[in-house]
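One chain comes next, on its own, written as structure tokens: the form predicted on its own.
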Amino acid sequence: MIREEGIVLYMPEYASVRVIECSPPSWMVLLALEEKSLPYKCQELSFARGEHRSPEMLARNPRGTIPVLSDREFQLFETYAIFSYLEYAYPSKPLAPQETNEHVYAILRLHESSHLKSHGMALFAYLMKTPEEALDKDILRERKDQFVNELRFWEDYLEGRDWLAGTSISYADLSVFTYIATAVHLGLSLQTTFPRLAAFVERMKQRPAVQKTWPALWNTNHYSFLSDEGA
């Protein structure tokens, strides 16, 4: 049996993730650990060298995906399962609202964010796997449009509120933020069409957890793939 002393998060080395230079699922787990003030170690793995599919990692997760969170004898490798575990095992500083109405909406919005993930990863994967000179503008525009159409739901959900499920930040906010922030890094503009989401992203960027875990390469590398001119 694999057993860790304390929490260890296995995640991609961001520099090895071409173009997007982060991993939204890994980032949202990092944010959860920081928001809950939990002590943890981070083990970065190189996609380029296939370290996420090493025998050691396949023993932790036979599907060969990351992030993987290891805590004592537990090996967790589905992001929402990791969230559920963290909330159950470490209930202090909850990221699932305690009031019933907000709790229900927090769960709903978290699972609903899988639609955003689906469109986001289809878009990001195309940019990651396709050399810039081989990008097809029609394919890129179609995938961008699907992602942007999904954003309309989330813009509406923020009407009259700062957070997606009520009066406090929840796992749903972490999930949605990481995909939108990645799209913004790739050149997507929110200000005109999605002012509430633009304000939400700025609100998130003020949080210490986001500032501490902000992808380092984003400070120097800037892209225009998803700008009006680029797609």
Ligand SMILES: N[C@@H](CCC(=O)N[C@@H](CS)C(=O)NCC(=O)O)C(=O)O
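Note that this is a predicted model, so its numbers are computed, not measured. Just count from 1 along the sequence shown to find any residue number.
What follows is about the form predicted together with this ligand, which we do not show.
The closest heavy atom approach of residue 53 to this ligand in the predicted complex falls within 4.5 Å. At a distance threshold of 4.5 angstroms between non-hydrogen atoms, residue 79 is in contact with this ligand in the predicted complex. With a 4.5 Å cutoff on heavy atoms, residue 37 does not count as touching this ligand in the predicted complex; it lies far away. Taking the partner from the other structure, this ligand in the predicted complex has no heavy atom within 4.5 Å of any heavy atom of residue 151. Stretch 23-31 is the contacting one of 37-45, 23-31, 165-173, 195-203, since its residues have non-hydrogen atoms within 4.5 Å of this ligand in the predicted complex. No residue in the set 139, 143 and 187 has a non-hydrogen atom no more than 4.5 Å from this ligand in the predicted complex. Interface residue among 158, 107, 121, 95, judged by heavy atoms within 4.5 Å of this ligand in the predicted complex: 121. Contact residues in stretch 57-83 (any heavy atom within 4.5 Å of this ligand, taken in the predicted complex) are 64, 65, 66, 67, 77, 78, 79.
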